[in-house]
Ligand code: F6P
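One chain comes next, on its own, written as structure tokens: the form predicted on its own.
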Amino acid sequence: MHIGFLNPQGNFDPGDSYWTEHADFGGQLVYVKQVALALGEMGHRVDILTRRIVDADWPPFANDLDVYPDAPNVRIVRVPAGEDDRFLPKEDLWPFLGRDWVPGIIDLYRAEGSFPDAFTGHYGDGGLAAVLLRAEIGIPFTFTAHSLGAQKMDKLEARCSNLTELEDRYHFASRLVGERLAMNHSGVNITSTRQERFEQYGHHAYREAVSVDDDARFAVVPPGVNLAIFGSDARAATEAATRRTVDDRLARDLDPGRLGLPVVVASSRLDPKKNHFTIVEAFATDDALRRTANLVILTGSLDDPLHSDDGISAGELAVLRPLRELIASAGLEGSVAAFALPGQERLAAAYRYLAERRSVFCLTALYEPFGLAPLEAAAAGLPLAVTRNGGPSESLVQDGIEYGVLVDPADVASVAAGLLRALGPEWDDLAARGRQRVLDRYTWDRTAEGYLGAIERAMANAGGSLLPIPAWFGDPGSGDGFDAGDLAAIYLV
């Protein structure tokens, strides 16, 4: 089968450039790459279709075609979109998808003499592109939202008074309309969990777009862990260097008398919804936790974020300031370390090293749609103490068996108790169960098998009632662009 993965935002290259260093280069790109590679290993032809970028600040993305080493069935195809080829954040891509990107994809395949058998649309922008392609050339598709705009609006506390501001910054009206079209026109909507299907797609902003009770329109396909990177037996070329970096940074930030303690590892971007503050609060308020372990906050590119503002964005600084203040007021200096480990290989090597010290991975996000990061840590050998809100409540509990400790991210006492439990006598059992859970259920081979089944179903499924496509998506000059009034009509009930 020939499959096209539609992912206009961010970009792909053999070096995985900028991953975790920009909001458009996050987990979605890891997901797309790994599913594509796994399908290629199964013998299918896969194109990852993304946007060409010719920009001195983003040098790896200028070529029309690229490949991954040892993956002959997978290619990266970059198609121009926009007034020029400079980098554009995902929020600014909407006017150019129907005008430039989709016609460019059609021209590409017509020149090659054949089209893919099916497309998969990723995020709202890739989903919209799939809708436009289906309308033009009739090729079916699956839709994977990864995250939906309505939930982000909920977290931003959208209301009448701030809709104009939100629309100006995030272009939510385009996103919500694109998502509604994608889930309506797709043959199958792929979610990572049942909770995502019923809670996220069931949001009132998507009313009449798709019925969450229609089993034919959904497939639950969890993402996987790259065991070649995160497996407990894997070894990176940077393994020894990473261990030296960890030792150096711990010695820099921690009191000498605490260097022998295990650590609680918090590895996620500095975003308010990741809720780092509660982990620090747990250390500040629980003496037993403080005596038992240190806290290590890993960042993608900030090497000394607790003491230096170098390279820190305004959003990251808004997260760091209260952390710094709490650490100072609670006397936690010497108990908390924070440093950069850019790239998945270094992160995985650090997990393996810290697992040898009987450390624990912690994620206290207020809501985690799936939670791949904890599973990566579990594969490397770390027990888990993570949020109960979202995907981990499905991935880490089944038939009464716990594969990690679930905590209430809004309850400091719950977080402290969960961390102490994971650090205590159950450490070996939790580490072994978590790792085996990944091996049994959460590998990219399993994900690819699920994708293939969903694509085959989509090719036989006519989709929904087919909501009309606004002319603006194909011709931004038509004057039908969206504004805060359109956003209110979709989001506010």
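In this text, residue numbers run from 1 along the sequence as written. Worth saying up front: this structure is predicted, and the values here are computed from it rather than measured.
Omitted from view is the form predicted in complex with 6-O-phosphono-beta-D-fructofuranose, to which the following refers.
With a 4.5 Å heavy atom cut-off, would you call K152 a contact of 6-O-phosphono-beta-D-fructofuranose in the predicted bound form? So K152 counts as contacting 6-O-phosphono-beta-D-fructofuranose.
Non-hydrogen atom contact N11 with 6-O-phosphono-beta-D-fructofuranose in the predicted bound form at 4.5 angstroms: No, N11 stays farther than 4.5 Å from 6-O-phosphono-beta-D-fructofuranose in the predicted bound form.
Any of the heavy atoms of T447 lying within 4.5 Å of 6-O-phosphono-beta-D-fructofuranose in the predicted bound form? Judged by the heavy-atom cut-off of 4.5 Å, T447 is well away from 6-O-phosphono-beta-D-fructofuranose in the predicted bound form.
Taking heavy atoms and a 4.5 Å cut-off, does H185 contact 6-O-phosphono-beta-D-fructofuranose in the predicted bound form? Answer no; every heavy atom of H185 is more than 4.5 Å from 6-O-phosphono-beta-D-fructofuranose in the predicted bound form.
H276, R249, R197, H146 - the one with a heavy atom within 4.5 Å of 6-O-phosphono-beta-D-fructofuranose in the predicted bound form: Filtering the options by heavy-atom distance leaves H146.
Report the residue, out of H203, K90, R346, R258, that has at least one non-hydrogen atom within 4.5 angstroms of 6-O-phosphono-beta-D-fructofuranose in the predicted bound form. Residue within 4.5 Å of the partner: K90.
Based on heavy atom distances of 4.5 Å or less, which listed stretch (438 to 446, 25 to 33, 53 to 61, 66 to 74) is in contact with 6-O-phosphono-beta-D-fructofuranose in the predicted bound form? The contacting stretch here is 25 to 33.
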